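So this first bit is one chain, no partners, the form predicted alone, shown in structure tokens.
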Amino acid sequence: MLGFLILLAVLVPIFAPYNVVQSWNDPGAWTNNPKLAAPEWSEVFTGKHLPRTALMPYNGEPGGFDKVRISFNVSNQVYTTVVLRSSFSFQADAFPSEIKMFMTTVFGNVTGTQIKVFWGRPDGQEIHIFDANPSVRAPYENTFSLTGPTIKDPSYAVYNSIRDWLILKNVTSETEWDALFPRIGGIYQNPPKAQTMLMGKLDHSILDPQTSEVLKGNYSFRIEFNGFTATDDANARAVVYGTVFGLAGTDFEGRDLLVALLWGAPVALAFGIAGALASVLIQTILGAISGWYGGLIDEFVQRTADFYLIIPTLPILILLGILYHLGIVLILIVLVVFGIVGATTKVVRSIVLQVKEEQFIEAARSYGASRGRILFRYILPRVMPYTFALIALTVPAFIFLEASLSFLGLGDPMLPTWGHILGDAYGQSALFASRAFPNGMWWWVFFPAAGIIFTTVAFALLGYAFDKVLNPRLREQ
């Protein structure tokens, strides 16, 4: 188990370099990922082929939108029309979670620049789903959600277009639609599932997300951009978000949890091992000095250890985290400072009190060895095997401390640690069942918790192995 963790810690920086971690807190880096998507392999338990994310990139990229741009002059007024087309195949047994379109536009100061968006279905139907005006110029993107809704996106216009289309096709009536999806001030109070209507079979069942059936086949986007100068231009990309993603799923911002899970291993190992090595070795040396020299030195070290043992480390770390927003290195330094003396100091002191009475120590004294030489040449080597066992058993404590702080939102905000993932999951009520997630967002909790448990068990077993070697009674068993 420990070998697997070490191998993982070595390979992760190679296959998932640090720039991936740097983008963890950049929402723009994850716009192509679905939000709150379960792992792809989880579809085995549903018996359905669940939708994956379909990407339609910008024109000029592989598989991107086809683009036709025309500029013409009418009565000394220049007009520019850009037509963008793209299609994708949808063969899943469930509806996508969301559909979004992103556009970069170049336009002058003349008002009236317009975008028209059309949705093509496998049954030959084409729906004029909304018109919009771009609000920002390239290189910034205009974002349009087709399945919102929010007040700032055109999804209400999409619903109205779907409404008019279904009424035209005699699937529903004005009265039925208004009864199913009431509006107050033009705003839907119970917004319909736009994706179930845009991609459902054209019959009465399309009105209910529970009964609507997926219409499989090729869907298409057609976007028309109309400008008023010769330099006006537009480009577009679209994302049809799936409900499953990758090996570990995604969180509420669409971030790939596999990145955090993989980087959580080297972070946990580095933090736990560094903290355990520093604190246990310092406590070992101070405990040996205390037991060997005795007197005032012994009294000072032991009373200091008593004082440190009653200090509540976690509350102090929480307070420091709130006041100063410590990074992971500073958190480690604070932990080591509060662990200079402690229980290990007392254990090592008791061992040294026994060792210093043995005959080889008397022999060293007899040939004139200094007290410092005896301590570091003869006593500490006898203590170190026990120290290794203590280090192995202390590593899980440091891992749990870091995870606890990250869970509370007081860890390093730049690092996607296991505790950080659990904190986000708790904050988004991932453990609670809902209509969208009957079993809760289990993947968001299970994998980081499993990583913490796996790592702590590995070091606990290592500590037990050391104990069997060093403890004569266990060795006899």
Partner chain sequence: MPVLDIKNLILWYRTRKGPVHAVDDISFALEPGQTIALVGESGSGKTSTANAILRLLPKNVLRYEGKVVFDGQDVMEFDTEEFRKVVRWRGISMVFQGAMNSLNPTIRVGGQVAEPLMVHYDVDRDEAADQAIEALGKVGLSADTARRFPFELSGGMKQRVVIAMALILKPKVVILDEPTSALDVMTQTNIINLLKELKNTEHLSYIFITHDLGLASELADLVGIVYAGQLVEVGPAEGVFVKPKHPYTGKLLASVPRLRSEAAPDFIPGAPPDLTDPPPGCRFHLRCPVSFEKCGWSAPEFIEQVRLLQILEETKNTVPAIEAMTAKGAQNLLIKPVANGTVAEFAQRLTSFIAQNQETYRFLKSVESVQAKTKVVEVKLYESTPPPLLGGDWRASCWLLAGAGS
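Positions refer to the first chain, counted from 1. All values reported here derive from a predicted model rather than from experimental measurement.
Absent from the display: the form predicted together with the partner chain. The rest refers to it.
Stretch in contact, per heavy atom within 4.5 angstroms of the partner chain in the model of the complex, of 281-289, 325-333, 243-251, 368-376: That would be stretch 368-376.
Though only this chain appears here, would residue 182 touch the partner chain in the model of the complex if you measure heavy atom gaps against 4.5 Å? No, residue 182 is distant from the partner.
Quick one: is residue 382 in contact with the partner chain in the model of the complex, heavy atoms, 4.5 Å cut-off?
Contact with the partner chain, yes.
Exercise. Hey, in the model of the complex, is residue 88 touching the partner chain, heavy atoms inside 4.5 Å?
Worked result: Close contact is absent here: in the model of the complex, residue 88 is far from the partner chain, nothing within 4.5 Å, heavy atoms only.
* Asked: Any chance residue 359 has a heavy atom within 4.5 Å of the partner chain in the model of the complex?
  -> Within the cut-off, so yes.
Name the residue from 309, 363, 314, 270 that puts a heavy atom within 4.5 Å of the partner chain in the model of the complex.
Of 309, 363, 314, 270, the residue with a heavy atom within 4.5 Å of the partner chain in the model of the complex is 363.
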